[in-house]
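Shown here is one chain on its own, the form predicted alone, set out as structure tokens.
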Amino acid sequence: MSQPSGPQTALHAVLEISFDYTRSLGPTLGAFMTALADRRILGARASDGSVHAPPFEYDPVTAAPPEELVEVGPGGTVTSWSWLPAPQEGQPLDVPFGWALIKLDGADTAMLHAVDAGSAAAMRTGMRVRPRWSGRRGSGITDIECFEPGEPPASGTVSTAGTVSTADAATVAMLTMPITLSYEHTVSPGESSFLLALAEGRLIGQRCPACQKVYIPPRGACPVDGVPTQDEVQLPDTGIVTTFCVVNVPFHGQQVPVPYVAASVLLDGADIAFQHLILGCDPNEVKMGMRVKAVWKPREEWETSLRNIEYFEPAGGPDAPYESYAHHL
């Protein structure tokens, strides 16, 4: 979290959620993606005789799978467009371009793609365009890097953004797409107190004035009674493990070698557990009720983050009896 620039400025930070979405394509989209890898574009003939490109998986009228896939394009006509003067990271091109609906030759519907026209003044409805193929195969619709003004090249040649193999494309049956969401989070007053205390090496919770439960991190309001939790309570950096999971499967972006333990840690004096790592011992030694203590980063590395605690490790002493924390599970 960024430090406030003044007494009235709340802590804030840009957070990012990302994962790889993998799906099986099925017979229609699999054929479409395989054709793209072979530098061809397919459409599906509907029950009324019209050709949809990209192909539908189920007829919009009869809901039946398409009985016929037909080759369309590669040239097409822009039916409508919008100019993007400042592309963002992850978009098809890193120069200004147009988003356009393009009706490919032989198709009755339009498909959305990028057009590298050079300038907004060069874009127009009715423009003839052709695909510029990327230097990779099997990536899905991004096998077409973009469309560009002009008629398709002579039969047997393609416009490409890089060198590609001339071998027949392998069947594309699966597709993996990275999904990323970035957003800016501004903390609540309770979160702000919690994070600023962490920058000083302290753990702060808030107490409900009605039920007297202590929540860490603070929630602003008690989920049981619905009243504000404004009374701050300083808690120790010791507690117990309530539940835990041994992580054995590696994943992208993993920072701790497997196997390791992710656990719910209930600090002494708190009424809710939070997630953290349990290291400093063999994963097989971790148990419910085990006493643990925080291992802090060096003081010069502290920031307004729970990452100031690197992990929790066994603290020794007898395990807490199950009955003492059963209602916290």
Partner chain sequence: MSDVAVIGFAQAPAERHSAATTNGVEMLVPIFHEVFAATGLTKDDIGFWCSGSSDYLAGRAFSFVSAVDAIGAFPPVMESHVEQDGAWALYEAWLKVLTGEAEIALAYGFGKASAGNLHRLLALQLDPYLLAPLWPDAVSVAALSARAGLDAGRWSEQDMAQVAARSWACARGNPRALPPVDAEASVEELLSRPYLAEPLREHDCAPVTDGAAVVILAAGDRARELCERPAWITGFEHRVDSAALGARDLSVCASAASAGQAAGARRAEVAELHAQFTHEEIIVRQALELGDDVVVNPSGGALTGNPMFAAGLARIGSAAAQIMSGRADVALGHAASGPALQQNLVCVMEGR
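Positions refer to the first chain, counted from 1. It should be emphasised that the depicted structure is a prediction, and the values quoted were computed from it without experimental measurement.
Only in words, not in the display: the form predicted together with its partner chain, which the text now covers.
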Non-hydrogen atom contact Thr109 with its partner chain in the predicted bound form at 4.5 angstroms: yes
Please run the contact check for His185 against its partner chain in the predicted bound form: heavy atoms, 4.5 angstroms, yes or no? yes
Going by a heavy atom distance of 4.5 Å, is Trp81 a contact of its partner chain in the predicted bound form? yes
Its partner chain contact in the predicted bound form: Ala100, any heavy atom under 4.5 Å: yes
Note: exactly one of Arg207, Arg137, His113, Arg130 sits with a heavy atom within 4.5 Å of its partner chain in the predicted bound form, namely His113
Select from the listed residues Gln254, Gln91, Asn248, Gln212 the one whose heavy atoms reach within 4.5 Å of its partner chain in the predicted bound form. Gln91
With the partner removed from view, which of 177-185, 198-206, 67-75, 254-262 is the stretch that lies within 4.5 Å of its partner chain in the predicted bound form, judged by heavy atom distances? 177-185
For 238-266: residues with a non-hydrogen atom within 4.5 angstroms of its partner chain in the predicted bound form? none
